[in-house]
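The chain below stands alone, shown as structure tokens; this is the form predicted on its own.
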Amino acid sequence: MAINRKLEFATDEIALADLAKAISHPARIAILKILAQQQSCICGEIVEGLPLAQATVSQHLKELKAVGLIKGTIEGKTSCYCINWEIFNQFIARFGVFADLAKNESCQSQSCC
């Protein structure tokens, strides 16, 4: 049986990996784009902007919501969603560590590959 060593990594590394995994599908990127273009929460309009079935979109929304990238409310048969900007900005900041490293001239001058 395989051993899951995920918990042996730093909390920040685990959180960044979970967020990256959540946005690793083009449909989820498209959903985030649709939500980011709105000034308020979207109720039911997400499916109209995607070439996917309602059930498939719901699964993608579930994944984004599970890591906190989006917030949602359900009122009767209507679900409303918006980006959780606090979590989204944390993701950008965590990922920004790589951008900071890329600016380091000694990293760019390496000729290992």
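Numbering starts at 1 and runs along the sequence shown. From a predicted model like this one, the values you see are computed outputs, not experimental measurements. By rigid core we mean the largest C-alpha set that fits within 1.5 Å across both forms.
The form predicted together with the DNA is left out here; the points below concern that form.
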Review point. Considering the DNA in the predicted complex, which of Ile87, Ala30, Cys43, Cys82 comes within 4.5 Å of it through any heavy atom?
Key: Cys43
Review point. Would Gln37 sit within 4.5 Å of the DNA in the predicted complex, counting heavy atoms only?
Key: no
Point to revise | Contact flag, Lys21 vs the DNA in the predicted complex, heavy atom cut 4.5 Å | key: yes
Review point. Does any heavy atom of Ala53 come within 4.5 Å of a heavy atom of the DNA in the predicted complex?
Key: yes
Point to revise | His25 within 4.5 Å of the DNA in the predicted complex, heavy atoms | key: yes
Check your understanding: Along 69-93, which positions have a non-hydrogen atom within 4.5 Å of the DNA in the predicted complex?
Key -> Gly76, Lys77, Thr78, Ser79, Tyr81
Check your understanding: Once the two forms are fit on the core, has Glu86 moved its CA by at least 2 Å between the shown form and the other one?
Key -> no
